[in-house]
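Listed next as structure tokens is one chain, alone, in the form predicted alone.
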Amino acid sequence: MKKRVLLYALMLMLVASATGLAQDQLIIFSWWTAGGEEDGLFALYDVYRDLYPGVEIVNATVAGGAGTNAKAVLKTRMLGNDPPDSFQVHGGSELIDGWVKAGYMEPITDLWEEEGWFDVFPKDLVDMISYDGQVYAVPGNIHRSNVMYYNTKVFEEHGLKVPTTLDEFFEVAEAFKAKGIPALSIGSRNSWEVTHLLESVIAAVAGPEFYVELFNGEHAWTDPRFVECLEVLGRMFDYINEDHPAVTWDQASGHVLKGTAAMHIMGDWAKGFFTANDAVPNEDFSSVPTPGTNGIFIVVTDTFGLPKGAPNRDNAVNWLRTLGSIEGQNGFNPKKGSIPARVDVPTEPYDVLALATMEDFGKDILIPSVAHGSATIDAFASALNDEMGIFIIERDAKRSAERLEMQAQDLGLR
């Protein structure tokens, strides 16, 4: 009898130990593995550990720019009733249409009210993470999609002016081509990177109003204005690096860093890549809005929410508190290359390029990114990525436009 009691007590201790272990974990799912973005994530982990010591953070990352691989893994986990405690998701359609409307997320409006966040996050941003009167996520940052990075020394060496219009871009591209230098570095190994370039081209060629209306289904994808955008994009491909099919976005930035290409159009997370590799802003590299998009700000925001059935719910809520705090925002963003989503943070940690982005964010026309989950449903964004993978090879603007129109109609978007 005594042995049975001791055995039972031991079993209770083991159960309690296992339960305690589960309660002392925090499982965070993201796709931040490249230089700069990973540094920012780890800095945010450090802030969390300072505020909540003793919690083991499980860094459940899946590599792949824009989350192309991670989203597939996340879907498997969520549908299999195995959610992480919190996961990275772009604000806008990716969050709302992908997870909130499907019933996989808990509202966190009470947390927002408790923390006073409605007073420190812009209303337009709150609207991107809200549905039916409830808030479902915390924005960790603001990224700008339409940024062109360039190697300052390469431009100085060849006596060329950094382009701010599309006409200037093609003039500079011709000059670099004559010198045997790819003017534009791009990675098409993941086709979202071509879509990323396309969204800047649409904004530059057709303007922000047409851009928004196009993704809202108000114009056919065969509209001559969109066909022209594809033609301009195809023309850009005359000046890109030969190894683009094997290159990812960070490797494309690496070409610019090394001076083996002059420019790279990528979101401002690329700045985190440059600085993580000891490049100095405005000395080794710099940036301007993508040519033709001055006054336009294509918004990308990374958010985290609270999945239903989060295994460590209390720790997950504290993670969201950390992300939304001044300490969390200023721990994360300087290394990530982004700017804070809160409007009340001290600006001391930010470099000259980030300060310029903050200024533009406050005055430019804001439009949502399609490559990063905000402008349209995931099914059409995926179809657009696939089509851009074809377009960079075929360069048939009219045929690509026709196929996209068919996809939009099949999905009920037109």
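Predicted model only: the values in this text are computed from it and were never measured. Sequential numbering from 1, following the sequence displayed.
The same protein has a further form, the form predicted together with a small molecule, not shown here; the description that follows concerns it.
K.L.:
Which of 24-32, 380-388, 351-359, 42-50 has heavy atoms within 4.5 Å of the small molecule in the predicted bound form?
P.N.:
In short, 24-32.
K.L.:
Out of 342, 255, 144, 336, which one falls within 4.5 Å of the small molecule in the predicted bound form, going by heavy atoms?
P.N.:
If I apply the 4.5 Å criterion carefully, the residue I get is 336.
K.L.:
Check each of 316, 300, 186, 261 and return the one that places a heavy atom within 4.5 angstroms of the small molecule in the predicted bound form.
P.N.:
Only one listed residue qualifies here, and that residue is 300.
K.L.:
With heavy atoms only and a cut-off of 4.5 Å, decide whether residue 368 touches the small molecule in the predicted bound form.
P.N.:
Answer no; every heavy atom of residue 368 is more than 4.5 Å from the small molecule in the predicted bound form.
K.L.:
In the predicted bound form, is there a heavy atom of the small molecule that lies within 4.5 Å of any heavy atom of residue 271, even though the partner is absent here?
P.N.:
Result no; residue 271 lies far from the small molecule in the predicted bound form.
K.L.:
Answer for residue 66 alone: is it within 4.5 Å of the small molecule in the predicted bound form, judged on heavy atom distances?
P.N.:
Contact with the small molecule, yes.
K.L.:
Mark residue 136 yes when one of its heavy atoms lies within 4.5 Å of a heavy atom of the small molecule in the predicted bound form, and no otherwise.
P.N.:
Because no heavy atom of residue 136 falls inside 4.5 Å of the small molecule in the predicted bound form, the answer is no.
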